[in-house]
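Shown here is one chain on its own, the form predicted alone, set out as structure tokens.
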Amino acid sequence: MSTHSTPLIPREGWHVMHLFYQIDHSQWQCLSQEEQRSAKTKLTQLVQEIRSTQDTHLLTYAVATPKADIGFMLLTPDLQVANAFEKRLTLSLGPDILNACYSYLSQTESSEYTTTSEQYIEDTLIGEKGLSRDTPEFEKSLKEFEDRMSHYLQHRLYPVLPDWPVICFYPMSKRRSGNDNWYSLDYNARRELMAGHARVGRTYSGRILQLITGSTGLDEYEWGVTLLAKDTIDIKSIVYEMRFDEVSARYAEFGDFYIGMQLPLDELFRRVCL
């Protein structure tokens, strides 16, 4: 997509927009059948254009409740491009057809609590496994860890999300009140609490794909959480189980949850009665 604006590309990671719309069916019914066909063709071509843009991904889904009808998740490096695509998506079916009812802006980010190689060496290779430096087993284990972390960080910053049918989005912040002020804890205390949270998450490997995006200074909350799954019970279970971690029980505040089903565009049109 060409633009004459100065690009706004972060030093690392991509911008992420979650967009939710309600359909004004009374406005839609005012269009002739030819106008309706033309509008759906226009949106289809726009989705294809967005998906063919370099380093850009667009998920399309039907929202499961009347909170919204259609949801889009747009990931792209340049905020100028994201903004332009968002405006075009909003108007793609014609004026007043898609009415934005919720949106959220964030950025992909690495975690400050990600285990470093030195921490892994001290805590796991030497502390837990009792391995000595400069031994073949030590070198092999360290390389496996570094390869695993490289893949993990690549996914956090530059994700390619699967077409799993269930998508859940919710924003969250860490509490800052009285004795439950996350930001008054020292780094090691925060890291230990987050490690327990991560251990729960790993038990859902293969059932839940989680993407945490940062929104401090960008939107109302501090993070956006996107969960992809093949079964809604896994969404329900992981959120419930994590509520018992101290990091959630004491320090987490949540916004509204939006649940949707990823659908190809032609099926999405039928689902939302267009």
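These figures come from a predicted structure and were not determined experimentally. For every residue, the number given is its place in the sequence shown, counted from 1.
The next section is about a form of this same protein that is not shown, the form predicted in complex with a small molecule.
In plain terms, the part of the chain that comes close to the small molecule in the model of the complex, with a heavy atom within 4.5 Å, is 220-228 out of 63-71, 30-38, 220-228, 50-58. Among heavy atoms of Ser248, some come within 4.5 Å of the small molecule in the model of the complex. By the criterion of a heavy atom within 4.5 Å, Leu43 is excluded from the residues contacting the small molecule in the model of the complex. In the model of the complex, the small molecule stays beyond 4.5 Å of every heavy atom belonging to Thr232.
The small molecule is not drawn, but in the model of the complex it has no heavy atom within 4.5 Å of Tyr102. Comment: the small molecule is not present in this chain, but in the model of the complex one of Leu157, Leu161, Leu142, Met194 has a heavy atom within 4.5 Å of it, namely Met194. Here is the short version: of Leu91, Ile126, Ala84, Met172, the single residue with a heavy atom within 4.5 Å of the small molecule in the model of the complex is Met172.
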